[in-house]
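To begin, one chain is listed below as structure tokens, in the form predicted alone.
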Amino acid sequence: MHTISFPKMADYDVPALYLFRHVTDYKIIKPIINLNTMETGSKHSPDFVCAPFKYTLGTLINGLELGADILIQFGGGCRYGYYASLQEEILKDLGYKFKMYNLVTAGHTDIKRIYKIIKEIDPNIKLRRLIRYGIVAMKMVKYMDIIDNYIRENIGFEVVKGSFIKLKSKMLCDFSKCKGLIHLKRLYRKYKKEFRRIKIDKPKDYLKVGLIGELYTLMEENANYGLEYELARHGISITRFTNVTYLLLKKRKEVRKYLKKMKNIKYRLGADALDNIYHTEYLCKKGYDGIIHIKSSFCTPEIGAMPIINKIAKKYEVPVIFFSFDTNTSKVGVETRIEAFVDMIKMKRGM
């Protein structure tokens, strides 16, 4: 029997594992990211490649060490869209025996292509079963993103520390065991109520910060060293636009709208750069107290967007801070910069 492994990004391995376990009899390895993962990925990666390449390579190596012989990669809309080919060569040079499949190449794919690849992975997969559990997995992603948005806005004000994270872990566990779409909807309604029952002490004049940047570093907690939780520790309400629901269902349509609305930009800048420029202006107009831009080191599209983001923020007099992450970034340094940024926006507010 074959064994499948794939990279980790935030908690989205939960719906991915759910889907694979229901459509194939192959063994599925749950991806992880830890210090060893990061070190291994960095060791075998080119020096000037972006951090997502290193993290995902590390998780793939971990999967291979645990017996995987099928690897699944998901490319992005920038250089990362071509990384699967390079990672495949690196892994083969290391002596691993496997077959790699890339569901998304250079940010482009479609249902027919995905189905063709999945049938190649496991010819016994039934289309009806794939559609049925694919819908459940997508709904799971949507529900997770809605709950995460609520957590992000309120976790900094919870009365009993750890309440949100504890309940979220329980929710993800139950989601992973759901029996189908109807059961999933019931679980979602149940947990939506339970999250709103968590006691919070949120002042009327609370501080609001918007997070923008490169998608992987924004969404993967290990890649940004828990930056969201660090902000929450200082009593900050957080808004983040980028999640899988946005990327899969909204981004293409939204980007066309951004191009029509933005006066100074006529062309797409690649990856998430245009989105971040538009969201910067949106956050400024909505009266946010600060903006944090997050990217991995050597992320070319975001480097091009940073001067424009800075210009917009200066126009509206909204503080903005830029973080560039790599596998050797210091967590203490991140915490120190966040603390200084929070002090600055508090002073600006006269708090």
Partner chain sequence: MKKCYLGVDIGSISTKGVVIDESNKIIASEYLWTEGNPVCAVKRLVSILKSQVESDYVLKGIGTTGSARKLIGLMLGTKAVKNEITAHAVGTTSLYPDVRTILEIGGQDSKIILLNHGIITDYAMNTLCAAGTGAFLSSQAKRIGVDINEFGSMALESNNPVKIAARCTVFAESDLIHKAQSGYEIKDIVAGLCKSIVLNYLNNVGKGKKIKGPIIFQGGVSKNKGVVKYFKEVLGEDIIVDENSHLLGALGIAIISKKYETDKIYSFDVNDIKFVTKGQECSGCTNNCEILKIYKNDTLVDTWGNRCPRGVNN
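Residue numbers count along the first chain shown, from 1. Everything quoted here is computed from the prediction, not taken from an experiment.
We do not show the form predicted in complex with its partner chain, though everything after this point is about it.
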item	value
Exercise: residue 66 in contact with its partner chain in the predicted bound form, heavy atom 4.5 Å	no
In the predicted bound form, residue 319 touching its partner chain (heavy atom, 4.5 Å)	yes
In the predicted bound form, residue 348 touching its partner chain (heavy atom, 4.5 Å)	yes
Distance check, residue 314 to its partner chain in the predicted bound form, heavy atom within 4.5 Å	yes
Sole residue of 237, 242, 73, 222 within 4.5 Å of its partner chain in the predicted bound form, by heavy atom	222
Joint contact, 32, 337 and 341 to its partner chain in the predicted bound form, by non-hydrogen atom at 4.5 Å	yes
Sequence-ordered list of residues in 286-305 near its partner chain in the predicted bound form, where near means a heavy atom within 4.5 Å	297
